[in-house]
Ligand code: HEC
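Here's a solo chain for you in structure tokens, the form predicted alone.
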């Protein structure tokens, strides 16, 4: 009886200390969505239970080693033999079962809460491909390589993949959803902290998987409306100055995932470097030579397997013609031209 009281007190004290210490640790990135709050609460509850179980198992183990060790003069002593303890076995079977079912119930409540639709939610279509993200605002008729979201408004992301399985994940939002070829998946987010975040692919999807990053900007409703209006303005290269076109090309290259395979400083990468590319002579895999003029660059964007440069694998996706506008392509060419 005395051992039971002692070990219970030790476990209670150590559990309280360890749980308090665990609560002081910043396990997650900053919360940037309303969905993150119930998820972090449930995660914290898991940590509490795991901490208690760790202390319980190891506390009893260490106490038993110390309290029931064989003492000097008892080398030949034999402990009492016993077999089974039905009540104890029922206890340690039923209690964990109840705990698991309770957490399953809490998980269902949280899942229903964060996936619930809202009457005024905004829809954004997300397209994933090797190795970039693109976004479309169907109500405004706007396409973008960056995801702009107004703070405080629920957003419904309707997601598709054009090639393999990808996974849309923003650590600060907590929620994550796969994009599966042939299937449309949905994810709801309510950003509540202005700032710039990165969407990552959380599913191994090929050579440049680690570089499949997209930019998310959470801004005020006023700034979002201004951005949306500005995206509707230019429709062709003639409406932009040469400097604006180059700037647009640089941002398009980053957002479309081009820089995951092409360097701009001359260093070797998965694909040919863009530095000094424009106007240079290129040797193709069949031994022929071509000049990297505007026509060649446009063809390489729209039909990358038509003229593969010697020494490179030729794995560039073939669907950029579907995801990039004519303005995007002209801007990319202007940016490549500027990298002398």
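Numbering follows the first chain given and starts at 1. Computed from a predicted structure; not experimentally measured. Basically, rigid core = biggest C-alpha set you can superpose within 1.5 Å across the two forms.
FYI, the form predicted together with this ligand isn't displayed, but the following is about it.
Residue contact with this ligand in the model of the complex: residue 147 places no heavy atom within 4.5 Å of it. Contact between residue 214 and this ligand in the model of the complex is not found at the 4.5 Å heavy atom cutoff. Put simply, residue 307 is close to this ligand in the model of the complex: some heavy atom of it is within 4.5 Å. Contact between residue 262 and this ligand in the model of the complex is found at the 4.5 Å heavy atom cutoff.
For the residues 142, 114, 270, 122, the 4.5 Å heavy atom test against this ligand in the model of the complex is passed only by 270. With the partner left out here, this ligand still marks one of 37 to 45, 307 to 315, 22 to 30, 65 to 73 in the model of the complex; by a 4.5 Å heavy atom cut-off that stretch is 307 to 315.
Against this ligand in the model of the complex, the set 151, 169 and 224 makes no contact: no member has a heavy atom within 4.5 Å. Residues 324, 332, 336 are the members of 322 to 337 with a non-hydrogen atom no more than 4.5 angstroms from this ligand in the model of the complex. After superposing the rigid core, the C-alpha of residue 323 moves by 2 Å or more between the shown form and the other one.
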